[in-house]
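To begin, one chain is listed below as structure tokens, in the form predicted alone.
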Amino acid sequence: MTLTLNEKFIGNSCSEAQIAALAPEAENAFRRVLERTGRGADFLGWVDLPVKFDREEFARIKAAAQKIRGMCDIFVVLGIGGSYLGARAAVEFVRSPLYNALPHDGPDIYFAGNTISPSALCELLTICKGKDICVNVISKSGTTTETAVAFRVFRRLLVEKYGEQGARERIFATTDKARGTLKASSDREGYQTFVIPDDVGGRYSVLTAVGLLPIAVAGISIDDMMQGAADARAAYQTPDIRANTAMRYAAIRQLMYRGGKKVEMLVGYDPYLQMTAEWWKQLFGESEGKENKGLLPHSVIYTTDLHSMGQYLQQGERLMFETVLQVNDQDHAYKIPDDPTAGDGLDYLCGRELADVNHTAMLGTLFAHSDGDVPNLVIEVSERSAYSFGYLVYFFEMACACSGYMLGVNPFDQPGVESYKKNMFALLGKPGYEELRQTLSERMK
């Protein structure tokens, strides 16, 4: 597995001399990560996780996944943010966005508890009718509104269908090791539990039980995934910005930001990258978007979004740069068929591999956007696999931590997330929020 940065399409926005000038600052940020001397250092458990994970729990995850694969038709994963994005990204990256509709030897996997939408919940309940179900509820505290509401619903469904004892065998909780509502109820009810480490925040947790259990249920090798992350960790142990690709990516992002760019657009040319982009958006958005600082992480899937966003990207305000995620070895081959009667003007493409046409579209877009003063950086990974996904996850996590320290923020907290929750709790009448409820009620008049 190799991961490389192709900088040919950056243009004049980021020169080698600029990167070299920023190298001491990038090295300082990198050392704060490795030496755990920066802000939020209590949440740096992910740094050594690929080589220091709990082997006993890892074995229990694999055993539970095998049990789940043999006892249900539908596996429902309840979690929000980092509690589901990484797992869903892995399933779509390694398997397919159409995983549930394609032939596979395990249960269908659905992700819920990440919205308060009644239509989404009711539609999933309809899908579950007449099916055998297992549930994985993921929450550090057990009080996250979206996930807790969904768990109430699915726990009742399981109890009604299988009884208390039967439900107990089908509920798997991933939560705090010792504290919280979900941990207490799991111990009381006898659910099998897995641990969210205290020193790993939600958006960095995909390589813990949070992500690994659903990923293993999809039949994906979590051994390969952890090996990919371990190899990435080994590759990013040097403070040399010429050799440490994660640190270099962090430096380039900061140069773009300091040069006036406000938006980083993660670009994929395959739909299976869409949820990887959603995971990436949370990782960087929640890590860097604070103190009125930070690039806005956005994403598109080309060529689809070139027909909706292409005009703005080409000729709109010059406030963004693009980071293209390219997977080199394609796992599907399909030649464009000959059809003399089509009349679509595409005869010159007959017999061409569709992957080659897609790659050529990428090259054409790279030239067009860079010529239009939209810098493009290309992250190339060798293949679509569990190993590659683990490698890529660690690359982005290390780059995000370094970038956050270079930005001057704590990359591991999220104080702004609580603001909407307080208002929602007050308006819903949660005890303890009476004064805020009165204030907001007056504002609504």
Ligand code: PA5
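Keep in mind that this is a model prediction, so the values were computed, not measured. Don't overthink the numbering: it's just position in the shown sequence, from 1.
Heads up, the form predicted together with the named molecule isn't pictured, but that's what we're talking about next.
- With the partner omitted here, the residue from G202, G294, P107, G268 that has a non-hydrogen atom within 4.5 angstroms of the named molecule in the predicted bound form is G202.
- With the partner omitted here, the residue from K261, K140, R248, R95 that has a non-hydrogen atom within 4.5 angstroms of the named molecule in the predicted bound form is K140.
- For the three marked residues, I80, T144 and Q282, a heavy atom of each sits within 4.5 Å of the named molecule in the predicted bound form.
- Among heavy atoms of Q414, some come within 4.5 Å of the named molecule in the predicted bound form.
- At the 4.5 Å threshold, heavy atoms of E322 stay clear of the named molecule in the predicted bound form, well away from it.
- Of the heavy atoms in E288, none are within 4.5 Å of the named molecule in the predicted bound form.
- Only one of 325 to 333, 299 to 307, 80 to 88, 364 to 372 lies within 4.5 Å of the named molecule in the predicted bound form by heavy atoms, and it is 80 to 88.
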